[in-house]
Structure formats: C-alpha cells, structure tokens
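Only one chain is shown below, in structure tokens, and it's the form predicted alone.
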Amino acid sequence: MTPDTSIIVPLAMLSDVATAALRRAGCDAAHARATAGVMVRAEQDGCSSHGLFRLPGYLAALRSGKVAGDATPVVAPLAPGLIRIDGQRGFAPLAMGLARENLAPLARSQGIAAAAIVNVHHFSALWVDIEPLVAEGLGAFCFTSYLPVVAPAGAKTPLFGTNPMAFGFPGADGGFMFDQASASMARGELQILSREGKLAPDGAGVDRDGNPTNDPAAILAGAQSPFGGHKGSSIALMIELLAGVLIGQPTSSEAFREETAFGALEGAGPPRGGVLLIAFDPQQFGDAPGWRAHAASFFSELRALPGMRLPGDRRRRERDRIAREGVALPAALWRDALEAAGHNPVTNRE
C-alpha cells in the first residue's frame, strides 16, 4: 500500500474543522468544543491514534443516535470525598471537565477524592483527562474500559477491553504522567498500522484461530494480547472492576452485548461505559514541606541514567514543535474532516 500524502494543518484550523464537523453531526457547542479539544491536544502531543483519526468514530456515534450530542452532565455527591457525574449518554470530554472542576477542591479538602463518571462514551487519551489536575499540583489516576478486543492471558477469545490507565504526579517541570493500555499496544495504533500497510510487533495479538500474527488486520479481526502476559491481564481485569463493576457501568463484554442490541459495533464509535477518576493532594499526606524536593531529587536521579526517557518526555517535545509547525495529517483524513465540517479543501501539502 502506498502511504497517503500528508498535509500540514495549523492547530487553530484543526480545532475549527473538528468543532464544525461535530456541530454538523449533532453536538451542541459545549460538547463540540470539549470533544474537539481532546483530539487537538492528542495531535499536538504527537499521538495521532487519539487525534483526528477518532473523528469518524465520533461522527458515526452521533449519527447512529446512540450518543446524545446535547446531553447535560449531572453532578451528585455520594460521600464526603466521592462524586458521581452522569454524562446522560454524551461524549466523555464535557463530563470529564465537570468532574475535574468538582474533584479538585474535594481532593484539597479531603486529601483524596474520586469521581465516578457514568453513562458516557469515552474515546480519548487519558493523559488529556488528568493533565489539568496535575497542572494544579494534584496527583491523579484514571481508568476506563472498552469493548472485548483483548484475550486474557492463556485464552484465545477476547473478553477484556484495551482498558487504559493513566497516572500523574505533580512536579516543577509539569509533573510526571503515563497513559497506557493494558493491551500490548493501543487499538488505534493497530488500526493505523493496518491503514498504512505496516506490520505489528511480535506479541501484539492473534488471528481468529488463535495463532500469533504480525498482520494488524488479522489481529483486529482476532484478539489483541495483554502486555506482559498474565501481568497485563491482571491489570485489565482490575480495570474492568474499577471502571465497570465498582461504579455500576458495563464491563467490556457487557458493552459489546449492549452495542450488539443497539446494532452498532466497532466502527460506530465508542460504547457507553464509565470512567473512574481519582485525585489526591500530596500536601495532605504527611510531608508537605518535603515532597516536592524529594520528587525532584528522584526524577533527577532517574534522568541521569544513560538512555533513560521518562513517559511524557516525547509528548512535551512534540507539543512545542507541533504548536509552531502545525500537525501533519494524512491528506485523505483531512479531506474527510473538511467534508464533514462543510469546508472547502485546503491544498498546503507537505
């Protein structure tokens, strides 16, 4: 397959086009801005698998009617340090913003607090969800599940979602964050490899017959593998419990059955599900005078190791560069986005 030519798009234009496309498909202004915002941030940080690549899924979910583009999230307290945000079947970014606004003061007063975000359709990168909390000096965890696309260790049939998790810890240089799937790689990365005619790495997954393969299309039709074998499988199971059972939301297999009943499966956008977001204030854990210097010392020791690169370092470099230079997008993807937005084509090819 010949790789598609690329086009350079300024971030502001990307935001305008994504927002317009979402509005035309049924989002109100608040949902469109929030949802476009997470795609733009992913592109700015060099994560194309969660950027404009996701727009067709968002649009399909709106057009199918399973997502309410004008839903108003509802906040309800459950306990002194626990809140519930009911997204009312909307996309997750708007509800996640509301969760952060309510969670931050609770974490500062209680030391630690959690938000159960329910009845949302989550399709974005998790670091985007926790970064604002980390920027405010808080630590954070975030978990969500998906559809059954990962086979548990020892099995050949998918049952778990890719089930990502994110963790962030504040620091003077913007803090430390990681965001990773419990699968060996994100599903969006496999989809991009398949689109570009490239091979997946060893251990990424199996075909329909349970045979290991490097063909991303065969893995997408078969099952992805958890990272680290049984260790990643255990983490995926934990996330099914935290983002599903604990907060009364569908597990990945239950989401599949719900999607099947609705008549919309993969390709029709994200399923309905939940997100567990936890925030904590390091000032409240007994070392208020010393934790910042302690963390800085620890990270300095880590960075001194030859070849060491902390998760998030590449994103920060890409963020600055792409803010200056613009986003390189496949030309066909950009043309589709322009058409969805009702805009005229742009011809500034790379």
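None of the values given here were measured: they were computed from a predicted structure. We number the residues from 1 along the sequence you see.
Absent from the display: the form predicted together with a small molecule. The rest refers to it.
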- Query: Counting only non-hydrogen atoms, which stretch in 248-256, 199-207, 120-128, 214-222 is within 4.5 Å of the small molecule in the predicted complex?
  - Reply: 120-128
- Query: For the spot marked by S15, R33 and A340, is every residue within 4.5 Å of the small molecule in the predicted complex through some heavy atom?
  - Reply: no
- Note on the structure: Checked A60, A295, L310, A68 for heavy atoms within 4.5 Å of the small molecule in the predicted complex; positive is L310
- Query: Out of A153, I112, A104, A186, which one falls within 4.5 Å of the small molecule in the predicted complex, going by heavy atoms?
  - Reply: A186
- Flag Q180 as yes or no: does it have a non-hydrogen atom within 4.5 angstroms of any non-hydrogen atom of the small molecule in the predicted complex? yes
- Decide whether P73 counts as a contact residue for the small molecule in the predicted complex under a heavy atom distance cut-off of 4.5 Å. no
- Hey, in the predicted complex, does G175 get a heavy atom within 4.5 angstroms of the small molecule? no
- Is R315 one of the residues lying within 4.5 Å of the small molecule in the predicted complex, judged by heavy atom distances? yes
